[in-house]
Each structure stands twice: as structure tokens, then as C-alpha cells.
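Shown below, as C-alpha cells, is a lone chain in the form predicted alone; questions about how it binds or moves come after it.
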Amino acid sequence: MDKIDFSMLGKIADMTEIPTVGAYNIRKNGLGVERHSTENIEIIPKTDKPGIDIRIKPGTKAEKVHIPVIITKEGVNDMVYNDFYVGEGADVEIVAGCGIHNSGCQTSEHDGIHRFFIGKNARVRYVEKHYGEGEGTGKRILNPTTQVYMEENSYCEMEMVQIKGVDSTIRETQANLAAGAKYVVLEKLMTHGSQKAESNMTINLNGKDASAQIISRSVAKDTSEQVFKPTAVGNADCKAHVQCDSIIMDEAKISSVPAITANNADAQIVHEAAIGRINNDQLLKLMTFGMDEQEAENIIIQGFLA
């Protein structure tokens, strides 16, 4: 592990060194390089394909597990399959994320398929950050697939962030909620240059009193393109709210296509979408404090994506 490795780990997982406590699995250039389990959280390498099983014991409280991935070579095409088994009544935080440092001319890509099996009354907070950097012309591609299966009265909160530097991403998310389960998603994306981002999300509310809140915030600069397709499907007496807000700049393109489906007369599902430029009044106000236009824009964008 060198300075570049820890710089990226800091950006995607708030890790500036190898932890001395807690569960973690660090993957670099397609291989596991550091791993540690605890009494309540066991990390087991898969034997039939690349990836790990993370098994969290029932009743586990206030513990955290880190599973970051970094790529520092050009021409790497890494695919992992990670399964999370969260026991009944557990309350944990999972910190993931992927950083690609590509200084070459060949494409480097990481595709991750994460499945979450969340037990009754369990609570999970999941944070996933994506980041790209490097002087080379090789592309940095990240394609995450997230599948969530929630049992009765469980809670799952997911924060999915694309910081910058990712040339192409296709994000696939699907969640299935049993009775009383609550699913909260905050997706935040930044694109610039000629980057492309596509996010497809389907939330199936299958049980009575299941609920979901999906919030997507994005900023598109230069000639980048974004497409959002969040869908909430109410199959029971349930509630869901889908909200997409985007700032568009320069010659960028954004398409937001929220959809709602009710298959039960008691389903209450709402969606809303807004795309617009930076507010001129906000821009002028910040510039009166001595900022130039670029500095003022950056402050507004940071606040919007905070």
C-alpha cells in the first residue's frame, strides 16, 4: 500500500491507514490485500467466484465494516460478487466505494454486484463512494449493481455518491421490501467533460406499511450526459416518495424519468423531478462577498450535493 492507495482510500472510505480494529476487506487491482473479521462480523472469501460473504450476527450493535476497492493499474477489468447477510436485530454501518487511478491509455473498470439480505428488525446504513483520477487517457468505468432484500420491520439507508473522474457508469438498483420495512436512498452524482451516467432503480414495496424515500441529486457540466430512471412499485398498503433534482450547466444533457406503479388501492406513491440552471440570485449574492463566478458556482454545487 502506497501514498496513492491511501489517498484514494481516504476519498472513498475515510481510511487514511489500515484499521487496527473492526472488520474490513481491502481489494486492490482485482485481489484481496487486507482482511480482518471480528467476533460479530465475519468476512469469508467466495470459492466459486471473486468476492466475499459478509455475515453479521443477529443482535450486533454499533459496529462498522469497510469493504473498499481500489484500482491503480491500466487495463484492469475487475468483477466482484459481495453478499451481505445481516442478522435479525443487528444495527451496523457498511462503508464501501471504489477508486480508480489510471495514468495509462487502456481502460480500467470495476463492476460490483452487491446483494443485501437484511433480517427482521435489523438496521443498515450503507455508504458507497466512487472516484476517478489519473493523468492517462484510459477510461475509468464503474458499474455497480445493488440488490436489497428486506424482511419485516427492517431499515436500510443507502448513500450512493459519485464524486468525480468517472468516465462511464451504469448503476442498477433493485430493492424488495416486506411488511413494515423502510428503504431510504440518497444518490448524488457529478459528471463533467464527456462523461456519461445512467441510473436505473426499481423499488418493490411488497408488504403492508412498507415505505421508501428515493432522492437523487446531480450536477452535469461540460458535454456530459445523465439519465435517471427511478421506479417505485406499490404492491400493498404502502408509501413511497421519489424525487429527482438536477443542476445542468454548459452543454450538458440530463434526462429524468421517474415512474410510479400502484398495484394496490391503498398504495400512496408520489414522484417529482426538476432540472435547472444555477440560481442567478444565489450566484450574484456570493459574488458580492468577493468570489469570482467559478468560486461561487463551486460553493453552490457543494451545497447542493452535500
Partner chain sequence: MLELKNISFTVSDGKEALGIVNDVSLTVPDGEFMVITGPNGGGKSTLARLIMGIEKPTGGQILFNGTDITNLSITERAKMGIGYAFQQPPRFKGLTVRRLLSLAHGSELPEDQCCSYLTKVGLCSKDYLNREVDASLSGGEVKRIEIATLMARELSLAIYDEPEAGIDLWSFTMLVESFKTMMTGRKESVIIISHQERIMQLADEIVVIADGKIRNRGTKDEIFPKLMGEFDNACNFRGGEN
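Residue numbers count along the first chain shown, from 1. Keep in mind that what you see is a predicted model, and the values were worked out from it rather than measured.
The protein also exists as the form predicted together with the partner chain; that form is not presented, and the subsequent description refers to it.
**Q** Taking heavy atoms only, is residue 245 within 4.5 angstroms of the partner chain in the predicted bound form?
**A** So residue 245 counts as contacting the partner chain.
**Q** Does the 4.5 Å heavy atom contact test between residue 39 and the partner chain in the predicted bound form come out positive?
**A** No, residue 39 sits far enough from the partner chain in the predicted bound form that none of its heavy atoms falls within 4.5 Å.
**Q** So, in the predicted bound form, is residue 4 in contact with the partner chain at a 4.5 angstroms heavy atom limit?
**A** Taking the distances in the predicted bound form, the answer for residue 4 is no, it never comes within 4.5 Å of the partner chain.
**Q** Can you check whether residue 288 is within 4.5 Å of the partner chain in the predicted bound form, heavy atom basis?
**A** The answer is yes: residue 288 has a heavy atom within 4.5 Å of the partner chain.
**Q** Can you say which of 277-285, 61-69, 254-262, 24-32 gets within 4.5 Å of the partner chain in the predicted bound form, counting heavy atoms only?
**A** Checking each option against the 4.5 Å cut-off leaves 277-285.
**Q** Quick one: from 139, 217, 101, 129, grab the residue that has a heavy atom within 4.5 Å of the partner chain in the predicted bound form.
**A** Contact residue from the list: 217.
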